[in-house]
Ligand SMILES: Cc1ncc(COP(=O)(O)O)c(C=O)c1O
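Presented below, as structure tokens, is a lone chain in the form predicted on its own.
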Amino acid sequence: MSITNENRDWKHEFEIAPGVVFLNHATFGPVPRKGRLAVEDLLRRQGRLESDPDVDDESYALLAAAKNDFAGLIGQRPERVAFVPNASFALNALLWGLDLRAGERVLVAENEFPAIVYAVRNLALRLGLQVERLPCPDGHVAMETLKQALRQGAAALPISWVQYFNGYRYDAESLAQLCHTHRCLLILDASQGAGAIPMGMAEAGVDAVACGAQKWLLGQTGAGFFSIAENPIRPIRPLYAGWLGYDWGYRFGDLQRWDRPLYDDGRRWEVGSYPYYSLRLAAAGVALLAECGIAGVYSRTQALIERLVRGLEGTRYPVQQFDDPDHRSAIVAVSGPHCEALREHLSARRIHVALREGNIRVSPHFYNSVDDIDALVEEVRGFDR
């Protein structure tokens, strides 16, 4: 399957009620039908014990497949991928794993998502780090601003690949090159991009990527992924040690052995038992995206956004779109008066978007149709407040 037929109804992969228009994937995505069925099957088997409820082997196979699919979406090798509960866990693990020292500087955009802000703030308070806020007068950090900050020395730049409220996408390769010129490690939170935009982590030279599965990856909360480059600009070591980070050969009949070797791949970062239900949802989501093809997903969302731009042109609610297509994503902001009331109006009509930083945030995915966009345009044009 690939996204080649514009007239195909992709909603059959989901169970979305008639009349519902869901355009809020930057918050969370709907569960694919296969994911729901996998969870229900596991719940049935473990909720009514008619046979051995041990599903370890099955789950480990799903885990390996999910890592492989995620690696394909971000342009990395599967062995460089780890499964984590969420992006916040990954960000904290990566930052603490840098073994930073008092006085070192960490750069943070002034309009950054709170997951990064609070992880850095806690680290700075504990270790005595310096945190520099990078100004974003145009809704993002300008490369010249970043260059000036890096010239003063910096240990790490954790930054959202795609901005959550306006959809601005940074050029990952340019960020990596600039950071590495100044020996600064680049961490991308890809939660608002992975699964919606093609990414070449290894090719771009990105040191590390963190990502939650509940948005564009079509999983749900309790699952995420992160990846570390084979040769990051500075070492990153696991802060925690979990028993499943050691190689038992996936056989657990003899656990009183303390000589198990630490895995030499992403599994060394996985600290404990896996959330099997969330794992199944995440596996179903990334498998569907891998089957569709990420290039086709991106093409579809861009076509839908262009239709939205044209539909609202000349109204009180223009779409705020970046001029350079290389900085666009599957998120756009719609500005105008009374956006909070507009969002409530749309929700009452079963059109689901988000309110972020005073604007309406629209974030379609590959299965959305032109009819979905047209329904949104009609309601916005008819809104009178």
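The structure presented is a predicted model; accordingly, all values stated were derived computationally and were not measured. From 1 onward, residues are counted along the sequence shown.
In what follows, reference is made to the form predicted in complex with the named molecule, a form of this protein that is not presented.
The contact with the named molecule in the predicted complex, taken as any heavy atom within 4.5 Å, belongs to A87 out of L289, L107, C179, A87. Note on the partner interface in the predicted complex: the residue among A115, V271, A204, L123 having a heavy atom within 4.5 angstroms of the named molecule is A115.
The partner is not drawn, yet in the predicted complex one stretch among 94 to 102, 79 to 87, 260 to 268, 246 to 254 has residues with heavy atoms inside 4.5 Å of the named molecule: 79 to 87.
Although the partner is absent here, Y164 lies within 4.5 Å of the named molecule in the predicted complex, judged by heavy atoms. Looking at R169, you'd find every heavy atom of it more than 4.5 angstroms from the named molecule in the predicted complex. Although the partner is absent here, S191 sits close enough that one of its heavy atoms falls within 4.5 Å of the named molecule in the predicted complex. In the predicted complex, at least one heavy atom of K215 sits within 4.5 Å of a heavy atom of the named molecule.
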